[in-house]
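As a starting point, one isolated chain is supplied in structure tokens, in the form predicted on its own.
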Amino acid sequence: MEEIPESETEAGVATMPITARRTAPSVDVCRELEQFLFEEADLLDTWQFDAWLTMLADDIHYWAPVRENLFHRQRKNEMAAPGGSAHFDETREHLAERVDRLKTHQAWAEEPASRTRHLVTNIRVFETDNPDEFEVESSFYVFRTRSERDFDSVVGKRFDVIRRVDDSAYGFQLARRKIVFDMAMLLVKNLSLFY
């Protein structure tokens, strides 16, 4: 299939090479992957972070590049390139360290803990050259409330590569995630959550 350069995709937002004709897997596989994402959202909202870590592949790349507000003629450059500015640019080890820190109850951004609701929608699934890996795009809305008056929300889109791992607890593992926030300036007090 003919590959479309990332610079030619919408606002340079596409995370991975997009083929001209992407093929969706079977309805059953799409349903399995949707359930995987819904299960992940529930684990994050209920602070079951150790279980969430089991959903991550050892080689995961968890990345949220910074974006800028640019004029139309420059929009293809609005996303920071790999290796550039990022809100997150983490490996599984980094994510596990963040989870361990939360469990100390001395991560003051989360003490008292936030209550969150991860809403995941607009899920689209595509096959890849690897029969055990799937490109999965989804939109998200994360609402957080903390203490009595603090609340915020973050909206964006995720570009995932999810790998089938039959002997894993959830049947799949997240191998790559690119998080594209809809806002260039994140009006939240911290980035202690996972998206």
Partner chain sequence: MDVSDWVDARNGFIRGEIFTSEEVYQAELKNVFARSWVFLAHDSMLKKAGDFIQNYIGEDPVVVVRQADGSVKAWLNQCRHRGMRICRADRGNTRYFMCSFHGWVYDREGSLVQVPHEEEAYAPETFDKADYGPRQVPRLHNYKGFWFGNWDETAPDFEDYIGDFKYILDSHIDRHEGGLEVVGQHRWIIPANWKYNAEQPSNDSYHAETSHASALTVLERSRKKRREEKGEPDNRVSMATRAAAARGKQFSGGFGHGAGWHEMPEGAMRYQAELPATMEWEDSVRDKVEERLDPYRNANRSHANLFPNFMMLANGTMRVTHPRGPNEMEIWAWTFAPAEAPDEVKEEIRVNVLRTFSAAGMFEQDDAENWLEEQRIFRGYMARQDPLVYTMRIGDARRGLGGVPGIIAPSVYADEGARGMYHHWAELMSGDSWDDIARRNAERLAQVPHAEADNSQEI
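Residue numbers count along the first chain shown, from 1. This one's a predicted model, so the numbers in the text were calculated from it and none came from an experiment.
Just so you know, the form predicted in complex with its partner chain exists too; it's not on screen, but the next bit is about it.
Proximity of N69 to its partner chain in the model of the complex: non-hydrogen atoms within 4.5 Å are present. Proximity of L119 to its partner chain in the model of the complex: non-hydrogen atoms within 4.5 Å are absent; the residue sits far from the partner. Its partner chain in the model of the complex is approached by R146, whose closest heavy atom lies within 4.5 angstroms of it.
Using a 4.5 Å cutoff between non-hydrogen atoms, A24 does not count as a contact of its partner chain in the model of the complex. Interface residues of 74-94, taken as those with a heavy atom within 4.5 Å of its partner chain in the model of the complex (partner not displayed): Q74, N77, G83, G84, S85, A86, H87, F88, D89, E90, E93, H94, in sequence order.
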